[in-house]
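So this first bit is one chain, no partners, the form predicted on its own, shown in structure tokens.
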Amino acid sequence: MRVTHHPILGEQSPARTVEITVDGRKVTAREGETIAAALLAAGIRVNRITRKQGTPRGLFCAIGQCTDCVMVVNGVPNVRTCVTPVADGMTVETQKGGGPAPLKSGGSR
């Protein structure tokens, strides 16, 4: 769900849409919005699973400080989705624990 009319900001301006893949699911996003905003609009609330207790975590501070929203983006773990804009063709995965080891140059782990 998106806010298309805000009582102070007014009507949402038109924007180009892009498509990202989230855990294998295609999600349409507005160009320029953050990954977290696109996920919320698509009804996706879990960004990562904690390492010790395996509990789900999602958007909390929304300003890039708490790291509860980190996900694996295009193979890179620990990306703060609340401050990272979407890009067409981006692949986003729920992060489990610390995420996969970062890719070495050449694409191997």
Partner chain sequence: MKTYDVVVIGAGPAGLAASIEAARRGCGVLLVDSNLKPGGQLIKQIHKFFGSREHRAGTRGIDIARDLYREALDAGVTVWLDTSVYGIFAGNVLAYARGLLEMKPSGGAVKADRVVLATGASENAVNFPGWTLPGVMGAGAAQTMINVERVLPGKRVLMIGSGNVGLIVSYQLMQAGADVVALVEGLPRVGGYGVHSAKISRAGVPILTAHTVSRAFGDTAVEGAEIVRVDPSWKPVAGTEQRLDIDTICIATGLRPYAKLAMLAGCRMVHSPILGGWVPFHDRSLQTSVPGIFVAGDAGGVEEASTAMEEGRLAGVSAAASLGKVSAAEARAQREEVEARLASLRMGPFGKPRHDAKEALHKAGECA
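Residue numbers count along the first chain shown, from 1. Everything quoted here is computed from the prediction, not taken from an experiment.
Here the subject shifts to the form predicted together with its partner chain, a form of this protein not shown in this document.
**Student:** Could you tell me if all three of Thr4, Glu33 and Met90 have a heavy atom no more than 4.5 Å from its partner chain in the predicted bound form?
**Tutor:** Yes.
**Student:** Test of understanding: in the predicted bound form, would Pro14 fall inside 4.5 Å of its partner chain by heavy atoms?
**Tutor:** It does not: once its partner chain is placed as it appears in the predicted bound form, Pro14 has no heavy atom within 4.5 Å of it.
**Student:** Within a 4.5 Å heavy atom cut-off, is Val73 in contact with its partner chain in the predicted bound form?
**Tutor:** Looking in the predicted bound form, residue contacts with its partner chain include Val73, since a heavy atom lies within 4.5 Å.
**Student:** Taking heavy atoms only, is Gly10 within 4.5 angstroms of its partner chain in the predicted bound form?
**Tutor:** Gly10: contacts its partner chain in the predicted bound form.
**Student:** I'd like to know whether Thr28 contacts its partner chain in the predicted bound form, with contact meaning heavy atoms within 4.5 angstroms.
**Tutor:** It does not: once its partner chain is placed as it appears in the predicted bound form, Thr28 has no heavy atom within 4.5 Å of it.
**Student:** Need the contact residues for 40-66: heavy atom within 4.5 Å of its partner chain in the predicted bound form, sequence order, or none if there are none.
**Tutor:** Result: Leu40, Ala41, Arg45, Val46, Pro56, Arg57, Gly58, Leu59, Phe60, Cys61, Ala62, Ile63, Gln65.
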